[in-house]
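Consider the single chain below, provided in structure tokens and representing the form predicted on its own.
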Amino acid sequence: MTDHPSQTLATFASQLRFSDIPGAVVERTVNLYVDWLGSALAGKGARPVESIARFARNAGAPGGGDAEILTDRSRATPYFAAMVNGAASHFVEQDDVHNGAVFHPAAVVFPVALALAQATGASGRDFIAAAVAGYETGIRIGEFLGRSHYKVFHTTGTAGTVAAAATAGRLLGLSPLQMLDAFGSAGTQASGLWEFLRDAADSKQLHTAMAAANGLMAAQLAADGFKGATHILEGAKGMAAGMSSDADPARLVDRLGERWATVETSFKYHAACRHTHPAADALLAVVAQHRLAPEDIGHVTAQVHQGAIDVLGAVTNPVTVHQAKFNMGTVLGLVAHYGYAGVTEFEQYFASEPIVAFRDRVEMALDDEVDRAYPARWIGKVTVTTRDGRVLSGRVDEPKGDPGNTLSRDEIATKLRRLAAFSGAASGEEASALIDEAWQIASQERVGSVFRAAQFA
């Protein structure tokens, strides 16, 4: 069979070995894994997550499996563990993001990697290799599908399904042709639409739950000889044909094995849609430079890219915490008042009178420079008009969490502790123990329980 982009990418994912991965990429992947654990633990108790977990329990999942559901420490089959952990890790809006792909890899990659590694007794090295295979695959598919795709489709649900298949296929030891079959079965199930934001529906957690579960299923089917479409990405009736008007197949194989897109992935500092972060950090810079109190600010214009308007513009009057995380005015109000838009700030204050009043003083405006840079760079620009008539400008070229302005390991650990405490998923002592264990994932001979060390804390 003549090589083509889907096949080349599948072959790369199938044949990737831990020894092929540069040390800096391994270190970054470990950091991304520990960061993901915080988001997964934070989903404990969330109504949409608990609903999906009940579905899994009713389907007979827990009590008979080798994979761990992190929110309640029960056991399940890899399929259902990946489903529930995938839902949990995309709830508080602090999971990672790749700017160029506009894709949240961790929420669909690590639930699968952890579930299958625990079930198969895989080593930490194979765990890391599988995660990198998923990141590299999903990021390239997100970039390939382009800006037109993201306008309607939630890339984490679509590209994420194939990323999950790549992760699972690598752990299952699929051959290149079997991996291509897995891609085909994953791609035909890829889904996720942005319409849910308009009425505060729970679909975002369903997107990651099913991307993880369906990708894992696609790989397991391929291992059993199930055939999938061989040109699922770039074919005449493949994903791009149905989901994009600006797809670029060259992005699928862009410097495979040379350019490691995994290290380009950003951590999320604020607990909100990433499209709000650049403006939030720019506003924080203005507030700090000019020592502004919230009541000093009369109006804020966030100068943004079109993608931000497409996603955030649908939410004008947020009625839930999750919907508020997709409202620019709410996020800027929280950072102006509290210096941070974290999980606690959203829970306690998103509908408070001061935040609602500030929200109504914020607007978004399309900025040509910001839009041209997007999605490769997410520039933050704001114009602040004070109540005494001053017009102040703020700008950040790399929001906090981007590779050039990244989180340290101490900051990642602090974030995990905060998220575990927020949901009650782990005590402070347990969180510290599991963090210490998680940093060592790459050297583990066999990937076991995330809470193994925490049991003795």
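Everything numeric in this text was worked out from a predicted model, so none of it was measured. Note that residue numbering begins at 1 and tracks the sequence as displayed.
What comes next is about the form predicted in complex with a further copy of the same chain, which does not appear here.
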Within 4.5 Å of a further copy of the same chain in the model of the complex, all of 17, 91 and 452 (non-hydrogen atom): no
In the model of the complex, the residue from 323, 74, 118, 189 that sits within 4.5 Å of a further copy of the same chain by heavy atoms: 189
114, 139, 210, 106 - the one with a heavy atom within 4.5 Å of a further copy of the same chain in the model of the complex: 210
Interface stretch in the model of the complex with a further copy of the same chain - options 337-345, 166-174, 201-209, 279-287, non-hydrogen atom within 4.5 Å: 201-209
is_contact(residue 217, a further copy of the same chain) in the model of the complex, heavy atom dist at most 4.5 Å: yes
Non-hydrogen atom contact residue 80 with a further copy of the same chain in the model of the complex at 4.5 angstroms: yes
a further copy of the same chain contact in the model of the complex: residue 401, any heavy atom under 4.5 Å: no
a further copy of the same chain contact in the model of the complex: residue 351, any heavy atom under 4.5 Å: no
Those residues of 235-273 which, in the model of the complex, come within 4.5 Å of a further copy of the same chain by heavy atom: 235, 236, 237, 238, 239, 241, 242, 243
